[in-house]
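First comes one chain, alone, set out as structure tokens in the form predicted on its own.
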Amino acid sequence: MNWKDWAGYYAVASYDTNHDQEYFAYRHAAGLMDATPLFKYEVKGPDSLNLLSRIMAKDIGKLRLGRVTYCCWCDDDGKILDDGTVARLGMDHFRVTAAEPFLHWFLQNARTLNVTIEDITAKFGILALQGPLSREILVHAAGGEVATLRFFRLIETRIDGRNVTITRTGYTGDLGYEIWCGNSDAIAVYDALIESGKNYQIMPAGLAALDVARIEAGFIMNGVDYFSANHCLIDSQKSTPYELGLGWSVNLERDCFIGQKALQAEKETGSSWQFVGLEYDWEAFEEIFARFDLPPQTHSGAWRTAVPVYGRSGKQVGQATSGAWSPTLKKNLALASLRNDDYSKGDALFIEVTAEYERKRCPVRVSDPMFFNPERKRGK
């Protein structure tokens, strides 16, 4: 009975009393998760490319047929509204995923354009098959064509006689795929994948294990590591792509898009914040709890309550927005936003730790937020 609310749906947090087995399935075999609550939109028509190029910070005009790209979109001030993916299924046919409902935004910007936009969230199921053995399972279920599917590409095929679209994408930072199918076919496709993976130690997996995996991969989450500008009461709560380490997803030198001028100005003057990873000094972390005759206490899964980060002078320089103990890396990790004082990898800072109701400061080292990045994720 371990559920979470995801976009108004009940979503499994973990199938067992804890998520450990599901996490290790993601990292050593394969985990199968229902990602259907993700918001999904279909954009079609002669002006579909123009619309998405205007909305997205990335140049969607460069997206080739049969490919998928990660992107974010901003308001006029260059502040992020949401992030997701865009897949190009045809010359004038795209599918967009989002963490929040954004049909109104797409429709608002589609006025006078020859384009149709449909919310297909309830029409399509998405099954996320993630882990180092996911390729073998999909080849068994869908055929050998999957074996050659490259990173952020898609193919249309069949599983158990049902039409599916398979994208080599995911949120675990590992080799993985997402299988799109008609909602009425989703249970049959799910069962077929479980059957195909029975000799590969496949496991149904939930959101709790996914949260640990995405922190290891350094992936941001809307509502946790940043907040949509739509929901922020004050400007200081908003973030730009550059402040979240997403500058690589912004293409400034092209036709006008929403937020372009603000992002150009930020690119020239520099950002106020930077997004980093933090690695705890484990011996110091142990010592904090040893003062109370306690063993070191880490969260059983990922945590999402922001805590202060301090510089050597004792002044607060930012906040860690989420973190987790990494069973794979054997490190205590956090994702953090720091005021942009040119912190670089290896710099020493301090993070707040609460032990026996007392707030202490534990040394941490600045790191690349992509803590876990195996070659198999992108490799052939």
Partner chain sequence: MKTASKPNSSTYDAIVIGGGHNGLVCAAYLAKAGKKVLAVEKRPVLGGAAVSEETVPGFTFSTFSYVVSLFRPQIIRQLDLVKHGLQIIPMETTYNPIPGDAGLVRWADGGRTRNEIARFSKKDASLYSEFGLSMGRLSRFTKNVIDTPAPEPASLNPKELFKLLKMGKLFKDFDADMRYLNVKLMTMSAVDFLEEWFESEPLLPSMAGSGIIGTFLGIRSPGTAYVLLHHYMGEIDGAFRAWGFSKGGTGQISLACARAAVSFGAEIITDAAVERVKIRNGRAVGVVLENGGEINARTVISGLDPNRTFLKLVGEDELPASFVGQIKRYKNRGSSGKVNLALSRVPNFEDGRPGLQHLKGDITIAPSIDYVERAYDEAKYGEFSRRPFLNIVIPSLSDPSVAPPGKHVLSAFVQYAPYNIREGAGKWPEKREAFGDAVIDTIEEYAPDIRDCIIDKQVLSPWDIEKMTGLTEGNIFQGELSLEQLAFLRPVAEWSRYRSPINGLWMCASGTHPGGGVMGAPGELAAKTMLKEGGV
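Residue numbers count along the first chain shown, from 1. All of these numbers come straight from a predicted model, not from anything done at the bench.
There is another form of this protein, the form predicted together with its partner chain, and it is not shown here; the text below is about that form.
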* Taking the shortest heavy atom distance, is residue 329 within 4.5 Å of its partner chain in the predicted bound form? -> yes
* Residue contact check: residue 294 to its partner chain in the predicted bound form, 4.5 Å heavy atom -> yes
* To do: Report yes if any heavy atom of residue 282 sits within 4.5 Å of a heavy atom of its partner chain in the predicted bound form; otherwise report no.
  => yes
* To do: Consider residue 343 of the chain shown here, and say whether it contacts its partner chain in the predicted bound form, taking contact as heavy atoms within 4.5 Å.
  => no
* Of 28, 54, 67, 339, which one comes within 4.5 Å of its partner chain in the predicted bound form, counting heavy atoms only? -> 28
* Quick one: of 194, 252, 133, 99, which gets a non-hydrogen atom within 4.5 angstroms of its partner chain in the predicted bound form? -> 133
* Structure fact -> Only one of 206 to 214, 283 to 291, 113 to 121, 68 to 76 has residues with a heavy atom within 4.5 Å of its partner chain in the predicted bound form, and that stretch is 283 to 291
* 17, 24 and 325 each touching its partner chain in the predicted bound form (heavy atom, 4.5 Å) -> yes
* Asked: So which bits of 176 to 202 sit within 4.5 Å of its partner chain in the predicted bound form, heavy atoms only?
  -> 199, 200, 201
